[in-house]
Structures are given as C-alpha cells and as structure tokens.
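We begin with a single chain expressed as structure tokens, specifically the form predicted on its own.
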C-alpha cells in the first residue's frame, strides 16, 4: 500500500473541497428522522447529484464519476471535513447500489440506480423480522409466485428510514417449504404499494428512525427480484459485506469525531476530573487513524482484484465499538452538561451533536449484525474454531 497521493488524486481532492465549500448548507439541516428534515436531506441528495457527487464510484451513465475506492476515500474525507449533511439515502447508495451493480440486470440498473443517485427514490432496508434479527436465516415473511408477480405476506421490523422512504429492499421466503438459508429471494418493494402498512418505531431520542412494515397480499412484479429465485441469501451476504466492510462507515466519519473530541478535551482544560480522560482521548484518536489506514489497505486489496471476506466482521466490531468509546469519552468530558439536548446557537456551539451521537452509538454493536454474531463469524470462518 502506497500512502503517497498522485497528482490526479491531489487535484481531485481540491475539486471536491471547492465544490463542497460552495454548496454545503451554511446551517445544519433538521434531523432526517422528521418529515421536514427528511425532505431537506432529499434535496441535498439532489444537489449532490447535480454535481455528479451522489456516489462518485458509480459509472458516469448512472450519475457517478467512475472513481476508484481511493478517490472515494478522499471524497469522504473532504465531505466530513466540510461538515456536510449525513446521507439520508445511505441504504440505497452504500448498500443496495453496489449490490445492484453486481447482481442486477441491465434493465434493473437503468430503472433503479439513476433514481437512487438523484435522491428521487430513497431506500429502506427490510431484513429483520420478529424472532429473526441477527439470525436472518429464520425469516418467515413469504413471497408466493403468481404468474409474473409475487404476493407478499408477513412483517419486517427495525427497518431503517422506512417511515418516510419510497422503497424497501428485503429478503422474502419464495419457497414455502424451505428452511434456513435456502429458498430466500431478495425483492424490491415500493412502500406505497397497496397492502403495505408502515408503523413508526421511536428511537432513544423519540424520533421515528425505524419502522415495522406489514405486507398484506402485496403484489410486486417478478422484475423486482434481484438475482435468481432462491439466491437471496448469497446476494444478501454481498450486501452485508458492503455494510460491515467498507462503504457504510467511512473512516472520515470517525476521524472528524476524534478531532472534535481532542478539541473538546482542550476546551474543558482544568474542568476535567477523570485522570483517565487523556488516555481515552488519545486512544480514540489513534483508533480512528488506525481504522483509516486499515480501510485504505482494504481499498488497495480490492483494487488489486481481491475481495471482502469474513474480515468484514472485524471491521464492523472495530468501528462500532470505537464510535461508542468516542462518545462515551465526550460524555465524561462534558459532565452534567452532556445531558442537555442543544437547542440554542450557543448550546449547539458548545455541545455540538455529542448527545445525539452518543444515543445513536448505542445501536452500533447491534445493527449490521450484532457484534456477538460477528465474533462467531470470526471464530468459525477466520480462526477455524468449531461450532459449539
């Protein structure tokens, strides 16, 4: 791995920085877990798309720039440095988009990817079900074939962004006699289809970041199935690799958070009581830099023709627990003021988004596959340990 940037990469960074400086909203957008904030973030997605910045690694015909993964990492570094809004369509552009690139038909790519890149269609993820969370192979939601359509019945839960999203990609059992990993297909479903009911689920902060989705004789065309019938598990594992391994949590997110933590430590100065605080701040900063180097190494491996394997589980554990440590350390530095939800400009300037980030970080070890499950994967597939 060569950490020296080429002239082309240096020029690309300058182009990204200039565009963001001219286009990033001057004031923070409302949370995309509110109707107002969701639409504001959708409009930001459209602004990105107009500059062909929606997903820079995608081919130009789909609204991208054909960038390699190193350029994507550069883009992410500048994006977070500029304080640009979080991506409301992250389920689409970071998870479903790459999966469509790999497994979709030309017709599916033409239908779904441009609308995804432009922000016209925002995607939710529909994998978990009651009694089938991290153990996705236990899903029972059915999609029965009826000619050129599937008839879907069942329930999904903890569907991120589903409250205001336009579509959901999910796993459905297309062979009613199958068990576990077999007989499952990945199907794309419009959330405004007849028979779909979406019920919000509040997060710790009270906002509806999740939803449960009920399907009652929902009809979708077979065209909406991604890959062959019964191939859903294999395709879902590819999506999970993107989620755990590289795309969903770029290192820039944590590098900027660790820099803000260092600044918070300096601001608090003599008010810091905990003698271990300095060690925790240093560790957070070092972990964020180590994660960045590891991600550059993974990108270099992929560029050389390699693939993301079970080591994606190591990645997921590392970034989720690092995120927790960063925000737990910030809470300790802030002391009692950490419990204040910032509302005024002065509070926002002082407290930033630490409380909101702390609350969200609690979910890190759970979503994208619980860390307990990831440790099982590491033990079995990387270390070759026997199953109990």
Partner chain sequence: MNFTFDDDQLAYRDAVDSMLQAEVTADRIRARWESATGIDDALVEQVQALGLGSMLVPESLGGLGLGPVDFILLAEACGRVALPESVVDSVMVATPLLVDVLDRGLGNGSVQRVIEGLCAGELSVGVGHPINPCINFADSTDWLLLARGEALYLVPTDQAELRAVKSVDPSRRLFEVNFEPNPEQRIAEGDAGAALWRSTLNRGALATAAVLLGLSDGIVRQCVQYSSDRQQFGRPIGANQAVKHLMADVAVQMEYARPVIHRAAYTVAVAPTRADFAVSHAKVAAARAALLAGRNGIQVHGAMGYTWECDLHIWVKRAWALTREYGGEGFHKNRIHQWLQQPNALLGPEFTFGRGSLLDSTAA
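Because the structure is a prediction, the values reported are computed rather than measured. Residue numbers count along the first chain shown, from 1.
There is another form of the same protein, the form predicted together with its partner chain; it is not shown, and what comes next is about it.
Only one of 184-192, 297-305, 160-168, 138-146 places residue heavy atoms within 4.5 angstroms of its partner chain in the predicted bound form, namely 297-305. Looking at residue 173, you'd find every heavy atom of it more than 4.5 angstroms from its partner chain in the predicted bound form. The closest heavy atom approach of residue 265 to its partner chain in the predicted bound form falls within 4.5 Å. In the predicted bound form, its partner chain stays beyond 4.5 Å of every heavy atom belonging to residue 110. At least one heavy atom of residue 283 is located within 4.5 Å of its partner chain in the predicted bound form.
Proximity to its partner chain in the predicted bound form, defined as a heavy atom within 4.5 Å, holds among 278, 120, 102, 216 only for 278. Interface residue among 72, 318, 233, 94, judged by heavy atoms within 4.5 Å of its partner chain in the predicted bound form: 318. Taking the partner from elsewhere, no residue among 43, 50 and 204 has a non-hydrogen atom within 4.5 angstroms of its partner chain in the predicted bound form. Shown without its partner, the chain has no residue in segment 205-220 with a non-hydrogen atom within 4.5 angstroms of its partner chain in the predicted bound form.
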